[in-house]
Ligand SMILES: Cc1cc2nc3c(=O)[nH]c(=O)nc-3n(C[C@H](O)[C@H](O)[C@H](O)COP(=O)(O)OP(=O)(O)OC[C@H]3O[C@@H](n4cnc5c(N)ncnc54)[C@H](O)[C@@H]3O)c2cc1C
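In structure tokens, the next block holds one chain alone, the form predicted alone.
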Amino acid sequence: MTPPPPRSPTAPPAPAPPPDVLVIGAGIAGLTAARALSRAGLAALVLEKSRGLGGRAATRTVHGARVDHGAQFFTARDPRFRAEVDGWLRDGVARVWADGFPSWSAAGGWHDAEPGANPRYACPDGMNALGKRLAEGLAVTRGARAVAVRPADGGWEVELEDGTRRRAPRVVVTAPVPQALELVRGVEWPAGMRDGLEAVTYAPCFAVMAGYPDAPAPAWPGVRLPDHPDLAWIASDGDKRDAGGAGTVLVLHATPTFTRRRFDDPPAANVADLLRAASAVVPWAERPAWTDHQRWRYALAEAPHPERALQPAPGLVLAGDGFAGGVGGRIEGAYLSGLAAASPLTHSD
């Protein structure tokens, strides 16, 4: 029998072409920018420091329950964002959760939600479903923490924590503004621009997740505590989705004042004090079967930049939920900032 001819060695795969744009951050702004750039025909690569997608639109599984431990809901006012949300609603990615929320105070008791409020949307599978949806079809490298962004050979170089470097003619930075200012190096800032960015401030938030397998769900989806010094918000998280056997899950958000004062305190003490505060509204709140927590250093832009994105140098754009022209800090603001970030890069020569 004639032996078969020897196989030719398999050629190694061709290296991926270099991207046209590097996008730092796979939050809502970064993913929206990358998607807009891709639709304009540019090859965008998203570099994300963590394993997740969506930034503060975050969900984790705790004791079998999927819990939103960051952004709790979103609204949609701008026509462009409403059109996006309509697609999410059609596909079941999001649903209307509530038309406003009641409030409670020690002095005044309960007050109903204001009539005619904009719908509050949530995601049955968790708020991180938004990041997963926006990332469909995009090139995303996770676990890639950027430590510096520098001009290089007429374009830009991004240095990663592991020492590797990526280059592209354009780069979009969507990290929180204080982190973005630390990243961007070797740039001659236009007059007044850096001062305006340094004026952007964020509120931190300490979040508590607590499970009560045998407790009845509250009659409300969420409640605001506008006058409480320590506790700002309580959500009945299972109201967003089928909680299954997880029972009732509460999510508590501390006030910025509490979080700033106790950001570095032992988490167990913070959890206990916030559950004690919640017991004024939910009598059994101090007796959870389990708890978890999350510290958000840049939870909400208190003083966002008035622009939706900034271009301090050719090919470099800063964006994120610290921008967005008056709706900073919200998911809608981050989305609009992502669109604004893509615009000058898709129209540049």
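Fair warning: this is a prediction, and the values are worked out from it, not measured in the lab. Residues carry their position along the shown sequence, with the first being 1.
Omitted here: the form predicted together with the named molecule. The next part is about that form.
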## Note on the structure
Assert contact_stretch over 37 to 45, 283 to 291, 66 to 74, 308 to 316 against the named molecule in the model of the complex, heavy atom within 4.5 Å, equals 66 to 74
### Summary
None of T259, S236, Q179, N128 but one has a heavy atom within 4.5 Å of the named molecule in the model of the complex; the exception is Q179
### Message
Would you classify A29 as touching the named molecule in the model of the complex, given a 4.5 Å non-hydrogen atom cut-off?
### Response
yes
### Query
Using 4.5 Å between non-hydrogen atoms, is A146 touching the named molecule in the model of the complex?
yes
### Task
May I ask you to check whether V21 falls inside a 4.5 Å heavy atom distance of the named molecule in the model of the complex?
no
#### Entry: Close approach of L183 to the named molecule in the model of the complex, 4.5 Å, heavy atom
yes
### Task
Would you mind checking 199 to 221 for residues with a heavy atom within 4.5 Å of the named molecule in the model of the complex?
C205
